[in-house]
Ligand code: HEM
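A single chain, nothing else alongside it, follows as structure tokens in the form predicted alone.
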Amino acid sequence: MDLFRRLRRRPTLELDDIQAVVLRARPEPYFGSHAILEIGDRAAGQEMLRRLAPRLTSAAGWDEPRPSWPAVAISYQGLVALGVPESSLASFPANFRAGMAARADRLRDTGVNAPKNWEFPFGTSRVHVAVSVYSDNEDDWRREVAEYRRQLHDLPGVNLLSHQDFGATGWNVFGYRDGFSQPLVEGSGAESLPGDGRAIKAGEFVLGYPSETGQPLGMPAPDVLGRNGSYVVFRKYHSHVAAFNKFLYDNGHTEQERELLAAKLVGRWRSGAPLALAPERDDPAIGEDPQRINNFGYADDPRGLRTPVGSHIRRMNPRDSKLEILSDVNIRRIIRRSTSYGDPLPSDRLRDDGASRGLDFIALGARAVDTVEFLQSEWVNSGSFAGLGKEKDPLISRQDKGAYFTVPGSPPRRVHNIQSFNTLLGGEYFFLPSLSAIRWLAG
């Protein structure tokens, strides 16, 4: 949906030094790949960056069509492998240096979601570089992937550990349209759409600019490494779509009842139309209208009679909700570049077909690591912030035995035996360097 945004003001950010993925919206439909690389030799790692640098696209002209673009992000262990000086390494945040697996307790990644159960190479110290390619058509996607493979094939000190293709026509594997609610970044030049609220300070998303506090956030040293960079949180989930479908069938007698319950869990209908604007039935026209799809709040629905307080989208962005535990929503915002992989499963399929399908959750921001850790511990895996006690996010949390979801009403309805509809397969924290930082890292 961000494709509807246009450049309306003169940008004040150094767009020609910021990687495109920060501001360029994921296209719809989209095709792409995520690759994880290991640097076994410092010189080879630097040469890899030298070869990739000319192919990286800046955020300049982010509103103009572009068939494909790659992005490069580097983990803490990757920075170590590249020979970054100790003084620079020590200037990165402690949780980023520790890595995602070491932060499992804070992220509530336990049980089947624990790092010991992650797929290779996640959870190891070998995850060094992530290369992603986004494209709006299959031919350009394959061409871009073939080119970066060609650039890297004769570098014996760089190892390809995993490669995952992704893509969708605009709907995720659960059959929901997504990816259209993004923060408005001050200084990007983007037009404001109804429901955006005020622009959020650029320093919340890109290092080196004033944040919501009025001051730039701390950034890695030297300035050439930190400025115009950002952080990336990558979390790969396998989605249990058949279990989701069966849960709806077990708790709804008609298709209309099932679709309403699904919308209550998510906070939107499958078309993207929010319950706040279409509380009784889906209205696809709203889902297609950039002037209406995000033009809503929750202040006039404090009990959640239209949009349940515990629904997924209300947890992830409470907007103007009155929270039990105070929090500045504007410093909890993230830019999402999440992608779906695998084929969707029709809503009438109640048995798992064994296929691989799911979601790559990708969050960008100057506070992305802190924010995701906060979201996971406080808003996803707890309901205390909204007065819901131990009730958890109905879509992405790991549910406990006897878990339930509350649909407010007179009387309220508790839907029992809600399951975990997504299982974490792994992830990592990455630093997204500026284009000048990529050249600096390349030596």
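A residue's number is simply how far along the shown sequence it sits, counting from 1. Because the structure is a prediction, the values reported are computed rather than measured.
The same protein also exists as the form predicted together with protoporphyrin IX containing FE; that form is not shown, yet it is the one meant from here on.
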*in the model of the complex, the residue from Asp178, Asp165, Glu147, Asp301 that sits within 4.5 Å of protoporphyrin IX containing FE by heavy atoms*: Asp178
*What is the one choice in Leu277, Met316, Leu161, Val84 with a heavy atom within 4.5 Å of protoporphyrin IX containing FE in the model of the complex?*
Met316
*Could you tell me which of 279 to 287, 166 to 174, 137 to 145, 348 to 356 sits within 4.5 Å of protoporphyrin IX containing FE in the model of the complex, going by non-hydrogen atoms?*
166 to 174
*Might Arg106 be said to contact protoporphyrin IX containing FE in the model of the complex, defining contact as any heavy atom within 4.5 Å?*
no
*Using 4.5 Å between non-hydrogen atoms, is Leu375 touching protoporphyrin IX containing FE in the model of the complex?*
yes
*Check whether Arg268 has any heavy atom within 4.5 Å of a heavy atom of protoporphyrin IX containing FE in the model of the complex, and answer yes or no.*
yes
*Would Phe361 count as touching protoporphyrin IX containing FE in the model of the complex under a 4.5 Å heavy atom rule?*
yes
*Can you work out whether protoporphyrin IX containing FE is within 4.5 angstroms of a heavy atom in all three of Lys264, Thr307 and Tyr404 in the model of the complex?*
no
*Since the partner is left out here, which residues of 384 to 415 would have a heavy atom within 4.5 Å of protoporphyrin IX containing FE in the model of the complex?*
Leu395, Ile396
